[in-house]
Structure formats: structure tokens, C-alpha cells
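The data below hold one chain only, encoded as C-alpha cells and taken in the form predicted on its own.
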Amino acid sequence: MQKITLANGHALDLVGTGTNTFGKINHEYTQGLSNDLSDMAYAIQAGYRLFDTAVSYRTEPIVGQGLANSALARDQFFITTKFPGRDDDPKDRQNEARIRQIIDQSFANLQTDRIDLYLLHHPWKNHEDILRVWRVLESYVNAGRINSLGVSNYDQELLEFLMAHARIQPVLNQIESHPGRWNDDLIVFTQAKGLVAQAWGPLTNVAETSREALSEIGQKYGKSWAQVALKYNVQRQVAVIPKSHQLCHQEANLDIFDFTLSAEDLAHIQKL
């Protein structure tokens, strides 16, 4: 697995897996947990070591138990989770005791005493709320319980605000990037600021015309449209967290390091 180094020196796999429907009834996001751990078992078998979850996904317990069931040691895995944001209860971010309760529950759910990367999931309009939660997260880094901090879905303005006021700088911005919305400007800005850009949903909402174009490119390399789409991001040093519930697709999403897209293909893909 190829890795990229975060600004604080920790290494991050360029390909991990999302888990927002792992262990859920019918693999539907809004459904309850079925406690089926086969998604996790398949992913570990396929070779994934980076697992991305979030409080709002409600899949932290699935990830935690799945990793606990593995024969591999905890230090073989990289766990990312996220503090809830956007339309969640403002009280969750305005009271330090409540903030700590949410973070501590992540540790309990994940069955670990160390989280590799903790993100703010969505930005809030109240910037003081952002800083209040961030300062609490910084205290967990100081205590050696969280290795790295980052954000998700932050635009240039909010990223600059946080970086100007944070004592411990964010090392990653997890953003939408897929055929149809590569988010080039934000990715360039994120990387210029020294953060790693990580693409969520890198294979979602892809138009059929884009799939056809990517498939045509993939034929030259013996790869699928999905593998070409993932490679486009990875080749520009954007980490990706695709998701599948099928072992064959999980394996295919990892099988992107034995080819290099040509400059011509990169230019074509960028326009999709």
C-alpha cells in the first residue's frame, strides 16, 4: 500500500475504506445496525488497514468490533472518526463536558485507547463552536490519545480561519471528489496549505457518460472505470476512501498501483 505523510509525520494510506453502511440493515444508511461484521471481515481480508467512520454514521461499534475480531494487532490499523456537525444539536458543541462525552464514546465504540485521526465532520456557522470543539480535541492530542486532527467539508475560508486560530494544525481535509465534481480548486488550496486532501465518495454520483469515458481509458490499462477514477485522485496525491460490501470490489479498489495514467488521459479525465 502506498502512503502519504501527514504534516505531523504520521503516515496515511492513500486508499482506505468508508464504512457508513457497514453492518447496517440492507446496507442502507438510515437503517439500524444489523451487527453483521462480514463487511469488516471482507475489507480486512482484502487488505484494507484504514477505516473511516463517524459518530453520525453510527458504525463506530461495527468498526471497533470488526478490528477487535481481527488477528492483526491494533497498530496495524488506522482509524478515522468524526465529531458530528452541521444540523446536530448545538448543545453538543457548546458544552465542554458534552464534547468530551461524545469523544470518549468514540473510544468506547471503537474499543481502542488511541484514535489515529479525528475530524470535525461538517462546519458550523458559529466559528466559536468550531474553536471550542477543536480546543477539546487538542487536549486529547496532548494526552496522547489522538494522533492527528483534521476537518471534513471545509472550504477555503473556514480552513484559513481554523488554521489561523488552532494551536495544533489540521493535517487533512476530507472533501467530495469524484468524476463530475473533482473539486480541483479546493484540492489545490488544501495541498498548498500543507494538508492532505482525502476524497469521500470517490465513486458516487458518476454519470453514465463519465463511466463510459473512464471505461474506454481503462481498456488501455486493463482496468475498470472505477479503478481509473480512483487512480486519477491517487496519482495527484489525493487519498481516497471508496466503499463496497463485496470482497471482489473491495479488492479491485485496492488494485490501482500497477499502472500510471498518461498526461493525455489525466487531461481527459479532469474534464469529466
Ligand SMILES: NC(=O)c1ccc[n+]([C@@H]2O[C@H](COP(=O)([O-])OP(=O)(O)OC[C@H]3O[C@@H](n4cnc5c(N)ncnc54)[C@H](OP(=O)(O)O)[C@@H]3O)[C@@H](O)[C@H]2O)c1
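Values in this document were obtained by computation on a predicted structure and should not be read as measured data. One rule holds for the numbers: they count along the sequence shown, beginning at 1.
Keep in mind the form predicted together with this ligand is missing from the figure; the text below concerns it.
- Interface residue among Phe189, Trp200, Trp134, Tyr140 relative to this ligand in the model of the complex, by the heavy atom within 4.5 Å criterion: Trp200.
- A heavy atom within 4.5 Å of this ligand in the model of the complex is found for one listed residue only; from Ile217, Ala226, Ile62, Val238, this is Ala226.
- Proximity to this ligand in the model of the complex, taken as heavy atoms within 4.5 Å, picks out 151 to 159 from the listed stretches 71 to 79, 181 to 189, 102 to 110, 151 to 159.
- The shortest heavy atom separation between Gly23 and this ligand in the model of the complex exceeds 4.5 Å.
- Using a 4.5 Å cutoff between non-hydrogen atoms, Lys243 counts as a contact of this ligand in the model of the complex.
- Ser34 falls outside the set of residues with a heavy atom inside 4.5 Å of this ligand in the model of the complex.
- In the model of the complex, this ligand sits beyond 4.5 Å of every heavy atom of Arg145.
- Here the marked residues Tyr57, Thr204 and His249 all reach this ligand in the model of the complex, each with a heavy atom within 4.5 angstroms.
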